[in-house]
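Here's a solo chain for you in structure tokens, the form predicted alone.
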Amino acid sequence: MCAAFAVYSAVVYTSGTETPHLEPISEPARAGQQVFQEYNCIACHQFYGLGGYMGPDLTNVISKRGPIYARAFIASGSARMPNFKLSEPEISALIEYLTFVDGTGSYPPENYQVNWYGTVVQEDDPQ
């Protein structure tokens, strides 16, 4: 049993699960992160499926809908999202933050494969 555990651990550890290189967050994006936290946006919205369920997942809102679309909702609100009356610098910072988050990956994963040893690989990942 211990030998099986050791072999399994070695296979999982050496399976090529390399963390992708991410650029550090810029100062404008960090300011947007502060605005996101200050207004508790995560209470209604999600990143990677984690967060509130009243609003949509914002992981890839910039690449799917564009910054103009996101800016319109942030500036005006909607029937379900209140207008927080954010200043133009706050809105721009939020757009920068959403652009940063968008660059970290995609959600939900469209094509994935579960390996026999338990790791999940997205099929379009270069390995």
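Note that residue numbering begins at 1 and tracks the sequence as displayed. Being a predicted model, the structure only gives us computed values, none of them experimental.
Although it is not shown, the form predicted in complex with heme C (HEC) is what the next lines describe.
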| property | result |
| --- | --- |
| Triplet L58, A70 and M81 all within 4.5 Å of heme C (HEC) in the predicted complex via a heavy atom | yes |
| Distance check, R30 to heme C (HEC) in the predicted complex, heavy atom within 4.5 Å | no |
| 4.5 angstroms heavy atom contact with heme C (HEC) in the predicted complex for Y48 | no |
| Interface membership of F36, heme C (HEC) in the predicted complex, 4.5 Å heavy atom rule | yes |
| I74 within 4.5 Å of heme C (HEC) in the predicted complex, heavy atoms | yes |
